[in-house]
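Take a look at this one chain, the form predicted alone, written out in structure tokens.
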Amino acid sequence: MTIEANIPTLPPLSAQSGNLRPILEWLARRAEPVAISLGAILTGLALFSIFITVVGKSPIDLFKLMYTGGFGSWFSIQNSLSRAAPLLLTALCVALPARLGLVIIGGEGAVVLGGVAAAAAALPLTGSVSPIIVLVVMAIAGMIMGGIWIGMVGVLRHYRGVNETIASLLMAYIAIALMNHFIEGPLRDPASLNKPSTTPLPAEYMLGSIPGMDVNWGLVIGILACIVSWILIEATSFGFAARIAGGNVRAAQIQGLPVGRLIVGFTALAGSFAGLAGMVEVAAVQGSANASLAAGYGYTGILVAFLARHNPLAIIPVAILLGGIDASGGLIQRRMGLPDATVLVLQGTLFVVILFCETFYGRFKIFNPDLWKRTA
């Protein structure tokens, strides 16, 4: 008697790999921006090391001090987080329009005017209204001012065909001039002699610190803004339409998408985040609107956004990293005798390398499933 055993047959190896192909494709596409961005950072650090060696200093000592000044102690970490708070918001000013294919580099203008608007809105309310209401009014005023300022860039881009990069940059210079006019003229506090500024906020009207930390609530505001922006882009029809328009404007117009409203809406929303950063600087750091609002956060936000590939969630760790590098500038200056602008040289080097590495996307076979050869 013959006994037949029902032994299951395994599919061929090619079939098994075919089942894994969607997973491998997903991993490859997600790994590409991480690998290229990491490579850009390492390349930028290598070039910066050459520069430090040429000026007669040790790159190893500098990087040690950079880590110590940014993340070496609890005090350093809190300082880095405080500096990262405005970067979260100014990076969104670049990242959101980038989803539509727009390059906005004038967020600094929205920051300074948002701070001035927030300080002006608080002047008639302090002393007669509760601090919570004053802070809310300041935030709304800063966001409206920033939204209008960058929104005008979107209007010029869509209705007049003006290049948004040049327009936003030139408007940033105009905004700084307007800030100087207001804080040295109509809004100037007579008691501010050496450094013109608006009337300082009373202590009870300042934006406080997170419990248990010496970091203001601007960090929480920035993180929430990044999360909300990611949901807007990835989980709403408004964000889906923006991504289609950013990929092919002509195709979006053929499909009947409101490209004009998307451009103006996204630029205005981006500007409102930068204006909110100005409000946080006034209410949590400076206590008044003054020339220190033009601290370069709008320009550093460009580097943060490009390094994060315009992903709102990736902006969070990148902003903290850049905040730590910025926080280490003073320690580098004291210990190594280098100017404080050394950190700016590093940021500029990283930015140039990141722009150069943009040309590598889609060129590596390992990260591009379209170039993989299907096995028989």
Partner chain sequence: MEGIGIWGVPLAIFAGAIRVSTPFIFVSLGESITERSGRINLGLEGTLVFGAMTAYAVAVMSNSPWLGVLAAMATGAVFGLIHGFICKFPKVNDIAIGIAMMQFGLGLAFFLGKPFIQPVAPHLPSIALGGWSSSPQIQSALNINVLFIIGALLAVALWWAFKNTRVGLILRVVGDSSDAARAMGLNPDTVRLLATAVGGSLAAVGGAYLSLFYPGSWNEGISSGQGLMAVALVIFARWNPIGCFLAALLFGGAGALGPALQSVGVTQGYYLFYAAPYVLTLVILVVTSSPTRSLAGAPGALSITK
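Numbering follows the first chain given and starts at 1. Just so it is clear, the structure is predicted and the values come from calculations on it, not from any experiment.
What follows is about the form predicted together with its partner chain, which we do not show.
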Open item on the list: Only one of these stretches, 71 to 79, 123 to 131, 235 to 243, 182 to 190, has heavy atoms within 4.5 Å of its partner chain in the predicted complex; which one is it?
Closed with: 182 to 190
- [ ] Kindly confirm or deny that P22, I231 and I254 each have some heavy atom within 4.5 angstroms of its partner chain in the predicted complex.
- [x] no
Open item on the list: If we define contact as a non-hydrogen atom of the residue within 4.5 angstroms of the partner, is S209 a contact of its partner chain in the predicted complex?
Closed with: no
Open item on the list: Taking its partner chain as it sits in the predicted complex, is L38 near enough to touch it, meaning that at least one heavy atom pair lies within 4.5 angstroms?
Closed with: no
Task: Proximity of F306 to its partner chain in the predicted complex, heavy atoms at 4.5 Å - done: yes
Open item on the list: Please tell me whether any heavy atom belonging to I60 falls inside 4.5 Å of a heavy atom of its partner chain, as the geometry stands in the predicted complex.
Closed with: no
TODO: Select from 150 to 184 the residues with a non-hydrogen atom within 4.5 Å of its partner chain in the predicted complex and write them out in sequence order.
DONE: L156, R157, H158, Y159, R160, G161, V162, N163, T165, I166, A167, L169, L170, M171, Y173, I174, A177, L178, N180, H181, E184
